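Coming up, as structure tokens: structure 1 and structure 2, two forms of one and the same protein chain.
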Structure 1
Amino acid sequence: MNTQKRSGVSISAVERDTGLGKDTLRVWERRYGFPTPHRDAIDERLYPPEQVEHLRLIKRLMDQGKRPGALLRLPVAELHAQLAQLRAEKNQTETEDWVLPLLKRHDVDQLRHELAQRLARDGLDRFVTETVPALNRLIGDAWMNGDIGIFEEHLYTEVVQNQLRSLIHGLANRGKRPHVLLTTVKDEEHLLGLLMAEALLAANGAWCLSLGAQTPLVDIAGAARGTTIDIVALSFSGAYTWRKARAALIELRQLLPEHTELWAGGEALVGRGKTIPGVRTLERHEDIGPALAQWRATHETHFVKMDATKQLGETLRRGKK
């Protein structure tokens, strides 16, 4: 009998640390043979620290669009090499030169100025799809490594969110289709991903209505029914589990009017490779523009007829006066 005491990290702690859901970890264990946790005295999983670090690397590469099936077959050295290559491609070294020192000095004014400069330099699409995600990864890594405190991470998030809100305000496109309702569900507090999506939707001509964070499903459905909403868009951060996200989407799909589309995106849905009936999953912010173009192509005839009917009605009313 082996009496050696096993040590490691619980599956709940791994989920919080890496953003990978418990169900995902169990499926990978069965399907790919990794991770390989120990078992404690009551048969609960314990993950060695080196495996937790390995999982962090996999999750960071998944966030860049890499597929987990391929990543799980690679050694740690190769994962580090791929991450270094992605950082080089996204000019993350240049980013490090300014954002962390500003945060450590708590220089909010200069941080706002630098962000505004990069927005002007990169343009909206690149700023939202490349610059902000690169900053988010850097800040996340810095917090995880202990280089910045949690309040500094919150400071960064608030400044970027305010920058995006200002950007969205200047892009208001009232009356343009589609009309999109944006929010997050209960227990999903993270707004940054939602604001990034709203900025891209507005930039591509959609009219957006945001309810902010943590809206009950019944209220989301009620808002969609009581307005001219064409699409409900939800965001799920990496801190939200796939199982809970899937359950919320299935329930909301049943509550929404049949003609209202349901779109979902965010880190919690990246790399799942699974479809939910009646839900359009957008794994990257870059997918928003093409998805809108497809929506308009599908609904163009319907709205042309609506506009023609409206114009005819106005003509007839004028004729009676």
Structure 2
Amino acid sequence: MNTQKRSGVSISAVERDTGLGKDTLRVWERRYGFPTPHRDAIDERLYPPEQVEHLRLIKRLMDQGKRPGALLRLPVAELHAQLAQLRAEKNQTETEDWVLPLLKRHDVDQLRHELAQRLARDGLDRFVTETVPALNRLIGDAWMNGDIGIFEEHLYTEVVQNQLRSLIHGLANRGKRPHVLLTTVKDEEHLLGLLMAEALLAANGAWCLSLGAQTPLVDIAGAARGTTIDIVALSFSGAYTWRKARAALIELRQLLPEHTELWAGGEALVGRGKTIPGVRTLERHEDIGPALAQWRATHETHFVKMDATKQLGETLRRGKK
């Protein structure tokens, strides 16, 4: 009965957990000889946990720009070494080490308190552009190393999200321009990046409208069409591939009215030098402020020029909202 009753997870579970497509997993197995899942009674792939972990490691490095062909021949130890080196290059001596003990102790109240304190001390801008990303990396690393479980990760996400939400709540810029529509596309359920963007936009005086996660493309376009939305902003986490993000952005760009700008940010987009026509890629959080300023500059002259013409009425109507 238990002759090598090795357990494992299905290919769809691995796709969900690692962000690597089913096709990709199969083709890697064929080409590189890894992963090597065993099979269940009906010959379907069963990935042992350590291989899933291995795959996650590879994905992590790919997200940093490495290419799979080389990574797949390397042993786990070497992958860890590469990650360590990357971390060293970035030379981010993480000072936020207070968070892990609190998380492990499940001390939510204290966690909330500490976050609030840091927010008050550093100000919103620095909190969102530095503190939270630093914490995210810390948590990500800790999870990868097995220091914390999914429970602690959920917990952290929930607490930070709440902090950001209440922050945003106090920043409603009724009627101010530009009007920004925020959301994520299908299969992208990470809200944290979106909330961080929303906080920064709101802090810079934009009027934000968040649709939450996973709005279908046609509906985003429909929303932009019927409303006073100036900018559509999308967030892509590291779980999303650059290819997919690119495809979605190109398609959405075609669906959107020409006067609506399309901004995109998130881990999936950093590092590529490439630009997508008609899409503004914001690689770092710090870019949001300047981008907004630039939008305002462009559209101020636009408004001025229009003053002479009959479009003034429309401008006023839109501006009032």
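We call the rigid core whatever largest set of C-alpha positions still superposes within 1.5 Å between the two forms. The structure presented is a predicted model; accordingly, all values stated were derived computationally and were not measured. Numbers follow structure 1, counted from its first residue as 1.
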* Only one is the form predicted in complex with another copy of the chain; which? -> 2
* Pro35: Cα shift of 2 Å or greater between structure 1 and structure 2 (core-aligned) -> yes
* Asked: When you overlay the rigid core, is the Cα of Pro48 off by 2 Å or more between structure 1 and structure 2?
  -> yes
* To do: Align both forms on the core first, then report whether Leu71 has a C-alpha shift of 2 Å or more between structure 1 and structure 2.
  => yes
* To do: Provide the displacement, in Å, of the CA of Ala13 between structure 1 and structure 2, taking the core as the superposition reference.
  => 11.2
